[in-house]
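Next up is one chain by itself, shown in structure tokens, the form predicted on its own.
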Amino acid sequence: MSDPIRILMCAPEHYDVDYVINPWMEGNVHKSSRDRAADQWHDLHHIIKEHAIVDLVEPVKGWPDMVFTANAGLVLGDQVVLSRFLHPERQGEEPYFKAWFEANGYTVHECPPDLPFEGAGDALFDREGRWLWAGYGFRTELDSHPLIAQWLDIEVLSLRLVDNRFYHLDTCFCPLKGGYLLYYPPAFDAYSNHLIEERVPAAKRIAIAEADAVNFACNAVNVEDVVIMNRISPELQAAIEGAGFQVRQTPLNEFLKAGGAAKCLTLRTTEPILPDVHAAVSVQSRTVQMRGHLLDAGILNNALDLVVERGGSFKVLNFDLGTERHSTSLAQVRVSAPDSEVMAEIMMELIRMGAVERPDDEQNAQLEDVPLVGVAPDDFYVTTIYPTEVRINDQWVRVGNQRMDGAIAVRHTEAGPVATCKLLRDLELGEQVVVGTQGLRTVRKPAEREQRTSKQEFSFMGSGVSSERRVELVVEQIAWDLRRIRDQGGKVVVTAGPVVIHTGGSQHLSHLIRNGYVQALLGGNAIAVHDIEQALMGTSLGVDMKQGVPVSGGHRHHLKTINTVRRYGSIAQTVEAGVLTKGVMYECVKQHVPFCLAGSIRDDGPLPDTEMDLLQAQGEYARLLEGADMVLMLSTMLHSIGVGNMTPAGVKMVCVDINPAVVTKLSDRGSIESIGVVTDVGLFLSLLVQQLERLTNPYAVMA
């Protein structure tokens, strides 16, 4: 015969809503009736005594929430993990609960003072004894879970709470006998819901509606086949009874005012123990180091927010604040995640923000062989735009050809390991690929304090979106940089769409190429066709560029243009024949500026120069982008996104488009050296050329 079920309760002799530490308490301070609360508690006590032995802990004046004994601790056998309350308003309960447990023969385990864990309110045993569901996110820290697993010798499954109305696990989650589960899925993040679905078959999951959830339907006491709970809907009652349970409803609305119901008012002290179940926990922890202007640049706040938003937890182990205006700060942070997959995602983002593992914990990167040509091993590290170093044979090796959305391929040579950023399709047998996030760091150039805090209208290091009213300021800065790059023998790459031609920008872009401001041009079939059409026929897509009206038969002009170039064999040969005498493509040929026209399925013709092999076009784009100091993206969303992915950090990028969504997308790519300009691209180019003329001739007047 099994041992009788025992439940610990505390009479509501001193119960009241004296403060606000959860959303339910707001507006209810001193609005609970002590008499009604006492009656409701005694009704619950009477029902539970019909099915279990009830032990009582003496209430203490000044601690009104002692009535919620679920938070006293977590009990398994003769072991108890005492609660370590987050809020000072409840911390005074701890010694009274500890005294009760010790007086009753329990071995008491206590979390460190700065590690919150709120007992069986955030830790619920599977009713079959197979594992422990443990919540975190509001009152309990994830780092407590490994300790609980060790002390109670039980597998712990971590669930993240995301709705502050359901601040404890037992407010939205109730394991039932037979492997059934009563729960409110929106209270959990996607990872936690996936974990629940993995462990509990669909036929045994009873997902409740919000109306029942806010009545704390999940805050129920399950004793064998009986479920004792606050008032619920007829539909939910039918669902629970359909699973073979007897529902006992008892009003507990006075306790709802403090954020609790039946389960909160009870602590089960007898739980099933299976001999073949032992400690297991998937929680992972890593220690990272961040250095820089962590506070005034918001780096540390952003990093810690990211950890929490991605489902992790953190503890700042050490923080050395820079003491002078230009001093950098140093932070060491322990990051925890519910499993290795979530940890990998968090670490990947932290590495992108410049975090590295502590020097004394540095480990070499994990490398795995390329299994097939063009295929990476599972869990390969996905590269970013930021210069990256990988630790191989206890040395940091700089990754070559840095770009976004690639893999890091490693070859071992006589001179040492060589790491290169590669697209998946370019991976070769004999190479190894970096997997996971161990042994990786990005090299981030810290912005100067003045650049971070300046309120100036434009700065490349500001990474924002510039509106119409700021265009002249943007143009002035870009003109200065174009002039500097040209005079220093640098490289500017332009990626442009046909809108440049339609808006009258052809003559201005031609001017930039002719005067040495452009070293490569990237685009599609369309920009070349419409540019040549304008040069040959004075139209763009059949529209007269001077009068802005369609011309008779103009719809055929772009095809006639393509046919003409195809007759001569290429754009260059059309120029050499004296047929093409002006325009963007003409200037590229005459000034020996290389270009790549990437084709698409919608292209007419296409021009013989258009590369219709997408992979070849991507490769040529990447080659022409090598060594670029600035990229001007002119009204071509898809080509600009592609170029953005190929361009490493440190390259100044300007995206110009009349559509704010386009420039925002490019500015959000992560580079701090990018700016989005919302304006007509023809106007932008006109102003840019005028500003360059002013730099050459200070007496020139802006139109």
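Since we're looking at a predicted model, the values are computed, not measured. All residue numbers are counted from 1 along the displayed sequence.
If you look for the form predicted in complex with a small molecule, you will not find it shown, but the lines that follow are about it.
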item: In the predicted complex, A258 touching the small molecule (heavy atom, 4.5 Å); value: yes
item: Any non-hydrogen atom of D65 within 4.5 angstroms of the small molecule in the predicted complex; value: yes
item: Exercise: M25 in contact with the small molecule in the predicted complex, heavy atom 4.5 Å; value: yes
item: 4.5 angstroms heavy atom contact with the small molecule in the predicted complex for I571; value: no
item: Listed residue (S158, S506, N71, T140) with a non-hydrogen atom within 4.5 angstroms of the small molecule in the predicted complex; value: N71
item: In the predicted complex, the one of Y184, F595, F125, Y167 near the small molecule [non-hydrogen atom within 4.5 angstroms]; value: Y167
item: Residues R90, G121 and T171 all lining the small molecule in the predicted complex, heavy atom within 4.5 Å; value: yes
item: Contact segment among 221 to 229, 260 to 268, 142 to 150, 176 to 184, judged by heavy atoms lying within 4.5 Å of the small molecule in the predicted complex; value: 260 to 268
